[in-house]
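Listed next as structure tokens is one chain, alone, in the form predicted alone.
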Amino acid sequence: MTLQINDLSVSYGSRKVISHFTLSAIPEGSLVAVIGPNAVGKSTLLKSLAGLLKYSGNISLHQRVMRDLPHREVIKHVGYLPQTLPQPTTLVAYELVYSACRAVCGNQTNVQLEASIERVFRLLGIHDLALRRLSEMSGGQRQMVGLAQVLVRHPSLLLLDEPTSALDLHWQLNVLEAIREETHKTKAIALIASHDLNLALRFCDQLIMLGPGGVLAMGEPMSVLTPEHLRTAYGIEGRVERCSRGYPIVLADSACI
């Protein structure tokens, strides 16, 4: 299975946000971060792949053109987590995740559905939230429940827009490890829009770096986060070093003048 994007263009009114966007095929089992400065189209790209925005060009998944698929096929194969957090409600987390699973996996028995929910709650480490109302949760906890609603459906394409934005350091590491494990295990493809270059560098198989002109670079993290690309994309003098445990980290030395 691969994801292919060819000559994608997306506009908001008269303003073109993505123009003639083409990517090399992304293979199954890949965790890919979409990085770049503000307003270069990271969220727009994910919304387009999710079928939420009109676009020109072609998007193919499983060698099938996405716009030709019935809506039910799209929601079966694509799981999208927006930037906005799930709204507070009197429903408990288990009910929301159960409903998300039932909507797409309606052919499963209750035993199978419950097993899927148990697995995802265990994967994310959120058993203690199962019977809590969303109205009683912090923003970070609601973000975890939103992620559980996506993962429980077993989509072959995950589109996660800033999935760690409301989380503290502990949960950021926990979530990225869980997404990587799930992606590799199920041979799905996951695209994560992120501003955290160090998390992307540590957990992702590939990076797609966007700039005002489109795709600046795509490939393995170390080949993308070069001083030249950091200067072009972010206007900084930066470099990648390794910490005492051997993990690569991005160091921003100064803003370019």
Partner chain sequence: MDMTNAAVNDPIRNASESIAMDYRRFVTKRILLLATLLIIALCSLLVDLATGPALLSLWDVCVGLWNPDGVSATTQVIIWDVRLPYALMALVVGACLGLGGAEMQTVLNNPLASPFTLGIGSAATLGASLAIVFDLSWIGLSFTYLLPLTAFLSALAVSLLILLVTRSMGATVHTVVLFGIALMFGLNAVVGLLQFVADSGALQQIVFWTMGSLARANMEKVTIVGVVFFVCFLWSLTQVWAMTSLRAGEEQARSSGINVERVRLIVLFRVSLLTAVALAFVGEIGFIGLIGPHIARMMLGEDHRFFLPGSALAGAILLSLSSIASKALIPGVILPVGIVTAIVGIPLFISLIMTRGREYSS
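Positions refer to the first chain, counted from 1. Everything quoted here is computed from the prediction, not taken from an experiment.
Not pictured, yet referred to below: the form predicted together with its partner chain.
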Would you mind picking out the stretch of 60-68, 213-221, 188-196, 46-54 that comes within 4.5 angstroms of its partner chain in the predicted complex, counting non-hydrogen atoms? 46-54
Does the trio 160, 180 and 203 actually contact its partner chain in the predicted complex, every residue with a heavy atom within 4.5 Å? no
Could you tell me if residue 131 has a non-hydrogen atom within 4.5 Å of its partner chain in the predicted complex? yes
Does any part of residue 108 reach within 4.5 Å of its partner chain in the predicted complex? Heavy atoms only, please. no
Would residue 153 count as touching its partner chain in the predicted complex under a 4.5 Å heavy atom rule? yes
I'd like to know whether residue 149 contacts its partner chain in the predicted complex, with contact meaning heavy atoms within 4.5 angstroms. yes
Mind listing which residues of 115-141 have a heavy atom within 4.5 Å of its partner chain in the predicted complex? 118, 121, 122, 127, 130, 131, 133, 135
